[in-house]
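This document opens with one chain alone, in structure tokens, the form predicted on its own.
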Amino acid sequence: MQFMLLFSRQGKLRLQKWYVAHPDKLKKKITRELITTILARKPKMCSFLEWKDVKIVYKRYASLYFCCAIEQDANELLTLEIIHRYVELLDKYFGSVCELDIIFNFEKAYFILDELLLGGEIQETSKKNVLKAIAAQDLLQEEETPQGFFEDHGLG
């Protein structure tokens, strides 16, 4: 996989993960073109399309589009399965994930994605293992934030 983008029906980019290096200007151009192309497609159209030198695989869940670019010889159905697995993990973690969960907890969304994929390749197939790693990370974060810190500083 070369990259994954999450964007809203309004075309707002919510998350992006690049596994192939591109200059920022090119990333913006690719993102803009893909969002425009996918949003213009009818709901009943195929979720795969040939675009430049890659294949694009996308799926809409509620108000979010999950879009991946893969090599020409990569398996589209496997990519759809990876997207679905990611959505299942987000759902399990957030309890029916929505766009606001991604906006306000983007670091968690990235962490979940990083537990699932490494360098654009599937790293962990077990949802249970991914969720265990996330729970361990949450526990670590809680231990690092001293209890009462926010209240003591008028932030709680």
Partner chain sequence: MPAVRGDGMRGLSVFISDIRNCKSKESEIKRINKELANIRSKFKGDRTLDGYQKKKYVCKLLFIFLLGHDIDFGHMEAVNLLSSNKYSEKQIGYLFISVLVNTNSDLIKLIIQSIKNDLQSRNPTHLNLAMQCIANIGSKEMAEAFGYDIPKLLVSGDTMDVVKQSAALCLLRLFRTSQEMIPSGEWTSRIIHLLNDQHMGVVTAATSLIDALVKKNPDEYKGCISLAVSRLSRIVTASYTDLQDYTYYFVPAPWLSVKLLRLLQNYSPPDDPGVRGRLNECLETILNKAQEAPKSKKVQHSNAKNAVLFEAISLIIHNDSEPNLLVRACNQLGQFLSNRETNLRYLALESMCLLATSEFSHEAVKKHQEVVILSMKMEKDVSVRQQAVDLLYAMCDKSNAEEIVQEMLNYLETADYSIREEMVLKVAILAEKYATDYTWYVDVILNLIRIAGDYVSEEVWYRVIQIVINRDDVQGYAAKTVFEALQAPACHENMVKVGGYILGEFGNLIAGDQRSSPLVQFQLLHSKYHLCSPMTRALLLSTYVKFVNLFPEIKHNIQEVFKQHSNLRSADAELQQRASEYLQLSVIASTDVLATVLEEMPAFPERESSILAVLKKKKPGRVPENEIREGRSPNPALATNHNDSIVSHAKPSAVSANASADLLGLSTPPANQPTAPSNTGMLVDVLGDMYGGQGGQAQQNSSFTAAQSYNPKKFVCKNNGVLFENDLVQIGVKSEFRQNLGRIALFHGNKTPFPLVNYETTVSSPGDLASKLVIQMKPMDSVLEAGAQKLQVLNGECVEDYIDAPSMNISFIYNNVPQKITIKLPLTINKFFEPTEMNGESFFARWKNLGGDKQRAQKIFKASPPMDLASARTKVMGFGMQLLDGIDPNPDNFVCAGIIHARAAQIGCLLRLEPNKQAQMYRLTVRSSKETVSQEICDLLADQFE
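Positions refer to the first chain, counted from 1. All of these numbers come straight from a predicted model, not from anything done at the bench.
The protein also exists as the form predicted together with its partner chain; that form is not presented, and the subsequent description refers to it.
Looking at its partner chain in the predicted complex, residues Lys44, Ile82 and Ile122 each place a heavy atom within 4.5 Å of it. Interface membership of Leu39, defined by any non-hydrogen atom within 4.5 Å of its partner chain in the predicted complex, is ruled out. The closest non-hydrogen atom of Arg60 lies beyond 4.5 Å of its partner chain in the predicted complex.
Under a 4.5 angstroms non-hydrogen atom cutoff, its partner chain in the predicted complex lacks Arg9 among its neighbouring residues.
The closest non-hydrogen atom of Tyr65 lies beyond 4.5 Å of its partner chain in the predicted complex. Scanning 109-128 for heavy atoms within 4.5 Å of its partner chain in the predicted complex gives Tyr110, Phe111, Asp114, Glu115, Leu118, Gly119, Glu121, Ile122, Gln123, Glu124, Thr125, Ser126, Lys127, Lys128 in sequence order.
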